[in-house]
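Heads up, the chain below is alone and in the form predicted alone; it's given as structure tokens.
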């Protein structure tokens, strides 16, 4: 079944261009919110992006924002922004159930650091978005907004689908392997996976590669939402946090980009390869020099260093989660999926030395990446191996599907390198979105955002 997406004509819901109307009185945050709620009513029965929508609380927040804009005293550029929160992050006014039966009814009545910061900035926290169970591989009910027979990606499934379906202009997601960039690519979003530690995770500090990030319908909304959170909550403890201007960085044309294949390249379908080649050709015609693994030994060295990225990300994360997940399984028998329990069993079979080896592999890859800084402005690669894959559920009596939310193979490099990555909806393949991402050096989030802004202004989306 083909989807309905065409990147040349698709109009995402955006917020930054609405605020001038709030200022002159031709629109209000409350009216904007009501349009979002109407879109949720229309699309949610099929897309199933939300676990809960707090319409009453959202309306009260939007009314307060409306008064501030009318008085000429908005709290920030995101004052009045309706935003969804991935249901791994705590919210004081909605349950936090983490896509897991063991957490059914969990209601800690406190805000995650990023959620607190959003409220301080005047944003309208309107609902919790579906996450794959515990932020892992076991999918929730969410469907792809462009074809309900396909996955929206994971684990930030609802966050990506809610933006792709035009329900909200922005959402918060999180990533340890590929949980921001891949679902964003599958659902036609823009998204930033910041430098590791770039956005305060609050209570979610367990794993060494987890990051919060923003999905949105535009580069501008991604950046401004991200920076307004970090201005208030900072980065993770001991980390510098996302750095850059309050306003979206001005477009910057990259001079040289490194085209990374990664271990995912052999699995890319022919149509996606053609589309990516068209994007690269357009960049070259615009005067950008492209470098590949054959062009420099250091690039080849990085390709080799990230060639086991899936195993590195998966092994490190499952080891770091194992004690918490073991406690959960023991405390709530039968309320954790077979897929999560299989991951736990693999983690418990690991040795400490195997974990240390994975850490060493990660450190070596980060050194290889750092050596490339003088060669090019950033790396460019696919955000996913192709369009979102079909998903109808596990088949009783058959082995569990290994990757029901899609393959994170093109996302593992930025996760293990602690590098910022920005995905752009530049391709339509078989009527479905396919993203292209830029990956920069650590702490170059603003720089790759500026380059992403130039790319989307200068390279026409392609359809294959």
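Since the structure is predicted, the reported quantities are computational estimates derived from the model, not experimental observations. Residue numbers count along the first chain shown, from 1.
Although it is not shown, the form predicted together with another copy of the chain is what the next lines describe.
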{"query": "Distance check, residue 285 to another copy of the chain in the predicted bound form, heavy atom within 4.5 Å", "finding": "no"}
{"query": "Contact flag, residue 123 vs another copy of the chain in the predicted bound form, heavy atom cut 4.5 Å", "finding": "no"}
{"query": "Close approach of residue 75 to another copy of the chain in the predicted bound form, 4.5 Å, heavy atom", "finding": "no"}
{"query": "Exercise: residue 278 in contact with another copy of the chain in the predicted bound form, heavy atom 4.5 Å", "finding": "no"}
{"query": "Heavy atom within 4.5 Å of another copy of the chain in the predicted bound form - the one residue of 231, 274, 346, 292 that qualifies", "finding": "231"}
{"query": "Contact assignment for another copy of the chain in the predicted bound form, among 245, 108, 267, 251, heavy atom within 4.5 Å", "finding": "108"}
{"query": "Partner-proximal stretch of 198 to 206, 370 to 378, 175 to 183, 384 to 392 relative to another copy of the chain in the predicted bound form, 4.5 angstroms, heavy atom", "finding": "198 to 206"}
{"query": "Residues within stretch 351 to 370 having a non-hydrogen atom within 4.5 Å of another copy of the chain in the predicted bound form", "finding": "352, 355, 356, 359, 362"}
